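Just one chain follows, in the form predicted on its own, and it is written as structure tokens.
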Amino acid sequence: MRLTPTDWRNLALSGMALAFAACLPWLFGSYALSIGVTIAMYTVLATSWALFSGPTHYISLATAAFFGVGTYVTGIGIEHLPYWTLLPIAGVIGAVLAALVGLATLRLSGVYFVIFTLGLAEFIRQVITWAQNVSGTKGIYVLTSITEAHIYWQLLGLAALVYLLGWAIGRSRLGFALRIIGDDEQVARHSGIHTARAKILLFLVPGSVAAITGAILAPRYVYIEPSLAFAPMLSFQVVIMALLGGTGRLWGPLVGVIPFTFLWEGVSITVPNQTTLLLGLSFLVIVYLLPKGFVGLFGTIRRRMGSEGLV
């Protein structure tokens, strides 16, 4: 794979932005760091979600399931294994779970796939709740020396890996096949593309990444219980942020993550009982006003300015 001058320029700019973001714990206070952790978390989750759902147009609501599994990998394993070994273990478990879900559901389409992925997190949550009730435990404490700054840097590193992976996939045969599948799956099949295998392979990415993210975030929560680890709200937030920014470009989800994080933070502080209303309004805005997200809006403005000779 040969890199063009534009590729090198974009990589250099991305590296500079990443280096600047890494300095946040030293430049700002604890509240800014807390917001930074949240933005980094949703950037990882929304970008990895868009890698699969963007080209295939399959709306997955399974993020909370993979994320919750990752938190419990750290919660259960922290007393038996070094923390750094738990992250790849969570990634492998998330990938295996994604493969099983993919084999069972990616032959489905439309609302059936959405319903199954939404129910997955609730199913796992109920299983863990039942197991804890049987064992007499109600939750798990995660007590480590890992600070919020450490969590932030880990999430930044994971975000960089996700972007590099997305960049590589977009230039690979798998990425080309998935774009054809997204345009017309029947045409893709007649073209000789093994559509089910291609979708399952890409579905491993958000599954594994979400599980690793959950494993990284577990020390931040200190106390883990099923209702926290498998919160369905997480899946909806990730979808809204990715669609708000736009899935047409690799950096699109980040454009949605930043403003929505601040909006969510403001609503949660001032009117905490209205967060569900915010989700509903966000869906309406995206569907009716920003069907292609901010990326699509920027593209439309740029084309109009170009046609008028302004750019």
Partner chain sequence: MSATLSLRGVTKRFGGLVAVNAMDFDVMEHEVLGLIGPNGSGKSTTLNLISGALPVTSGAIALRGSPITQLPAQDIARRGIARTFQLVRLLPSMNVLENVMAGAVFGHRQRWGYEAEAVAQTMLEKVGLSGRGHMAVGQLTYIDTKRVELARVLAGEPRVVLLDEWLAGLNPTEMEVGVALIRALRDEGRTIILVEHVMDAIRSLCDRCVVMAAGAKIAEGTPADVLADPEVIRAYLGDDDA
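None of the values given here were measured: they were computed from a predicted structure. Positions refer to the first chain, counted from 1.
Only in words, not in the display: the form predicted in complex with the partner chain, which the text now covers.
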For a quick test of understanding: in the predicted complex, does each of His80, Trp84 and Leu87 have a heavy atom within 4.5 Å of the partner chain? no
Taking the partner chain as it sits in the predicted complex, is Gly136 near enough to touch it, meaning that at least one heavy atom pair lies within 4.5 angstroms? no
Using the partner position in the predicted complex, report whether Trp153 sits within 4.5 Å of the partner chain, counting heavy atoms only. no
Although the partner chain is absent from this view, report whether Trp167 comes within 4.5 Å of it in the predicted complex, heavy atoms only. no
Is Arg179 one of the residues lying within 4.5 Å of the partner chain in the predicted complex, judged by heavy atom distances? yes
If the cut-off is 4.5 angstroms on heavy atoms, which of these, Met233, Leu143, Ala131, Val187, is the one near the partner chain in the predicted complex? Val187
So which of Ala160, Leu201, Ile193, Val96 gets a non-hydrogen atom within 4.5 Å of the partner chain in the predicted complex? Ile193
Here the chain appears without its partner; judged in the predicted complex, the stretch of 68-76, 205-213, 170-178, 224-232 with heavy atoms within 4.5 Å of the partner chain is 170-178
